[in-house]
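Only one chain is shown below, in structure tokens, and it's the form predicted alone.
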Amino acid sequence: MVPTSRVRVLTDGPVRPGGEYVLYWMTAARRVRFNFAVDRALELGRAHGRPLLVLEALRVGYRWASDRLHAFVLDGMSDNRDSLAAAGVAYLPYVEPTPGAGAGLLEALAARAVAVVTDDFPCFFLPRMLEAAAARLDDAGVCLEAVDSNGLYPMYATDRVFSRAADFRRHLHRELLPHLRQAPTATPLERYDLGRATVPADVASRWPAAEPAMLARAPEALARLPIDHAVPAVPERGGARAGEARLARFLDERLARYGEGRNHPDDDAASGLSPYLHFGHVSIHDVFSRLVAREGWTEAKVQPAHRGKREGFWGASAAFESFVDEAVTWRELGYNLCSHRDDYDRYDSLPAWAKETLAEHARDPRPRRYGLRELEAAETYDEIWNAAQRELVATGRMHNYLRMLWGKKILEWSESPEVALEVMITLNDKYALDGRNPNSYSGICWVLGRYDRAWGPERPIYGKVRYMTSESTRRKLRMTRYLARWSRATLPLPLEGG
């Protein structure tokens, strides 16, 4: 049974036993495995003897809609089409051809539903979309439930917003273990026996399923859409299959050197999972279960004496401890903030000490200034910064450590910290496959002091905000091969692997 801490009922409408199907409106957890929303939809279907119908829609009117983001989502829709067809579950993959063309689709399907189940995601346009849908379905007397499949720790299991990672880590070490025992079903459709729903004929004719060429992200199909074609798709594929393969490669080839190697661009041992986690193609529960199986970890290995510490609590290998701290503590810290505050991407949400010190230094001379156009084109004097920006534009990714330096230099080169925040969000959300995500906004705002403390000595521009330089980065990190690859001026550059 799906834990109640994972489910929010958004309308007053009743569950209607006479409905034709249970509708799962897939919006954020775009997968069929390890998905609490799928589990909840199946619970309702079995309780009322009705089949499951899955609607996965892709709109064109959201900010930053581009070939890059659309292609990654379409890869996932293609995988879901195949998986749901194999299980005998009805699926409507709808790709909006023009802004607003999909209006009314959800209500038309919901009118015949026992209930509607959807995903709960705390940022970008999705909360507003969910709020608007709830208002419409409430007027129609339809039950709408939002289900949280984002993290190992339910977003609403606490009302507290944590201002430091250390405090959140301590909280998780006290509270997380019982939630680990309530994982979603690994393969919920393996024994699906509720029959196949039928997409109503009037719905199918007005909102037809995406054609095979679109689900194959064919260039000519993407070209027909009113999205940003100047941000091209990247060769790296999205979807559950690619995400599972990426996870397997990480565990086999990179995990053992993750703790130290992930910071070095030449020896990058990062997981590469963030885009798949962002689009919901891979579940953090799946990641954790595979890690546990590989490590042979059990709850009996937990070391309570290390509660709140970065290492030692799990009683596991150094690589396990390091990865879990990043993938759970730091990742879910962002979900904690975004699920409780809607100003997560605004300057006013920064800690008071950070705003105070940045204000005190707002008029400090900026030895160099770059505008958005120069930054986007990687036209600065800084070789390392340019390389990181080129990697972002060409691949949709940026090396994790260099992303911190990237943001610090934008602060240094912008006319004000407020402008720096706008520039970081613009570049990240436009190009990054893992942008528009709680973890992404956490990283950007960390540059300006969120989740950090005041540092000394106080410096021009930065004040007491943590200071980073390209010179110290060059001394500390191995990056000769990285710079050789990304310091070239021609874009886009070819990917290796993918």
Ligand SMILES: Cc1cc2nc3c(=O)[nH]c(=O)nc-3n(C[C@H](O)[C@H](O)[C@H](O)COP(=O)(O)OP(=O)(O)OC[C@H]3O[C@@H](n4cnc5c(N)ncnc54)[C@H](O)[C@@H]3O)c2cc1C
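Don't overthink the numbering: it's just position in the shown sequence, from 1. The shown structure was predicted, so the numbers you read here are calculated from the model rather than taken from an experiment.
What comes next is about the form predicted in complex with this ligand, which is not displayed.
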item: The single option of 173, 81, 331, 112 touching this ligand in the predicted bound form, heavy atom within 4.5 Å; value: 331
item: Of 313, 162, 347, 258, the one that lies within 4.5 Å of this ligand in the predicted bound form (heavy atoms); value: 258
item: Option from 133 to 141, 269 to 277, 86 to 94, 198 to 206 whose residues, in the predicted bound form, bring a heavy atom within 4.5 Å of this ligand; value: 269 to 277
item: Check all three, 326, 440 and 447, heavy atom within 4.5 Å of this ligand in the predicted bound form; value: yes
item: Heavy atom of residue 283 within 4.5 Å of this ligand in the predicted bound form; value: no
item: Residue 168 within 4.5 Å of this ligand in the predicted bound form, heavy atoms; value: no
item: is_contact(residue 390, this ligand) in the predicted bound form, heavy atom dist at most 4.5 Å; value: no
item: Interface membership of residue 403, this ligand in the predicted bound form, 4.5 Å heavy atom rule; value: yes
item: Residues within 4.5 Å of this ligand in the predicted bound form, restricted to 418 to 435 and counted by heavy atom; value: 428, 434, 435
